[in-house]
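Next up: just one chain, as structure tokens, the form predicted alone.
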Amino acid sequence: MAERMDDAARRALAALEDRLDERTAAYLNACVRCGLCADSCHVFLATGDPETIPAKKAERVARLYRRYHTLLGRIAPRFAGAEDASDEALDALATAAFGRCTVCGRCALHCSVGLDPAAILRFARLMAQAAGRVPKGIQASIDLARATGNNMGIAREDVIETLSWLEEDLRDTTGDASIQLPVDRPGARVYYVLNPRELKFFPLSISAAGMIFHAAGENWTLSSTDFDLTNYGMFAADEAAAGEFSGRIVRRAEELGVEELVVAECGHGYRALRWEAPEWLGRRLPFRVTSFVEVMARYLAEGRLALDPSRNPARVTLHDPCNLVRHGGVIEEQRRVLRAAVADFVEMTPNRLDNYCCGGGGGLLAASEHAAARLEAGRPKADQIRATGAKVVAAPCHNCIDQLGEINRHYKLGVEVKTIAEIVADALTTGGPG
């Protein structure tokens, strides 16, 4: 066991050595321990545990950095606040990075000296991944996606069968025999990629997208292979896996010859494909990458959708997914869409860049060993929702929808959680159910 641990420590320290740059070193040296980041963290607000303060979590990396990259840390580690890369230290690093942080980035907005603790926690994940300490559920999702092409192991035949059934149901529901869920159509202008959970558990979100594309007169396609927008490699800081998963979608888009890759409502999927994939793949993408939220806003601005907000009379509030908003820059589009699609829209407080993480981000939904902590961390979001008096929570991210569904039941909020597309589809007056 000791030998394996030594190997793990060497791998973690090699990751630190390989990726350490001036910015990261500055972050590790510059924290003034003012404590302002504490109240910015939904996990700390929910638990009050000092170990969940962002600066305290980032300190797990700083202690290892000082031990191996500073003179004082080498000769007087206790005095320097440094520690060896022991079994206990690496376990604590992984717990801080995965179990006590969703790397939502809200703490960076409130740091008194302009640091980004979430960037350090992403660095901690990199080291934990190198040491073989990724949560089992996250690693299992990576392994399954590598083996089968998507993180739920859905076979190509089942994808085709499900989409065919959904298309038939759409035609029956709308009375429009021309509506389609096209699959593997070369030369389509738009390639629409999915979260596999939509095929298994949320098929209505696919139907809603189909209705919207049809109403807008879009030339679009789905794919029976390489459609999985989720990227658990990004959550695990496993850049080889992350690049592999993004590369599959990019290659499929190139095979289909599309002009635009549209990412279904998924915060981390959008971030991975829009902002991170070019870095992982080492090249510019030859097509536009957009969120479906942006596409719906564009269709409205172009007059391609007719909506009746009275079809959505209940009060609706909006959850801002961290990766879509803080890390993705898609902020106002969802608001323009909802104001056109619902009769009573109310914001949470705080909102936009300052909104609280739902508690399920950063891959935490897949980490069953942290399930209880995840639900506890969702309390600030539950309080936000309850304060709005809303009956419907719009959430343009399926990971967020799963977490919000759980905290809805756990905290007895009595709300319905829906995607933006589902709400828009309910309001359509052309190509919709009416």
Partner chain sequence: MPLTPSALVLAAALAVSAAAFVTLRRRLGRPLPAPFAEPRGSAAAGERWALTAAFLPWNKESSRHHAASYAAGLLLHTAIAAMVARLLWSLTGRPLPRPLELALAALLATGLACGLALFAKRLANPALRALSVPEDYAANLLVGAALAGGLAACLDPRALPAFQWIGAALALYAPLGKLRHMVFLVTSRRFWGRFFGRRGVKPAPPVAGEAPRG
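Between two forms, the rigid core is defined as the largest C-alpha subset superposing within 1.5 Å. Positions refer to the first chain, counted from 1. Quick caveat: nothing in here was measured; it's all calculated off a predicted structure.
Form predicted in complex with the partner chain: not shown, discussed below.
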{"item": "Partner proximity in the predicted complex: residue 389 to the partner chain, non-hydrogen atom cutoff 4.5 Å", "value": "no"}
{"item": "Partner contact for residue 320 in the predicted complex: the partner chain, 4.5 angstroms, heavy atom", "value": "no"}
{"item": "Contact label in the predicted complex: residue 327 to the partner chain, heavy atom within 4.5 Å", "value": "yes"}
{"item": "The partner chain contact in the predicted complex: residue 226, any heavy atom under 4.5 Å", "value": "no"}
{"item": "Every residue of 183, 244 and 253 near the partner chain in the predicted complex, heavy atom within 4.5 Å", "value": "no"}
{"item": "Segment that reaches the partner chain in the predicted complex - one of 253-261, 212-220, 308-316, 113-121, heavy atoms within 4.5 Å", "value": "113-121"}
{"item": "Contact residue in the predicted complex, from 344, 347, 354, 84 (heavy atom within 4.5 Å of the partner chain)", "value": "354"}
{"item": "Residues in 17-34 close to the partner chain in the predicted complex, defined by a heavy atom within 4.5 Å, in order", "value": "18, 19, 20, 21, 22, 23, 25, 26, 27, 29, 30, 32, 33, 34"}
{"item": "Core superposition between the shown form and the other one, C-alpha change of residue 17 at least 2 Å", "value": "no"}
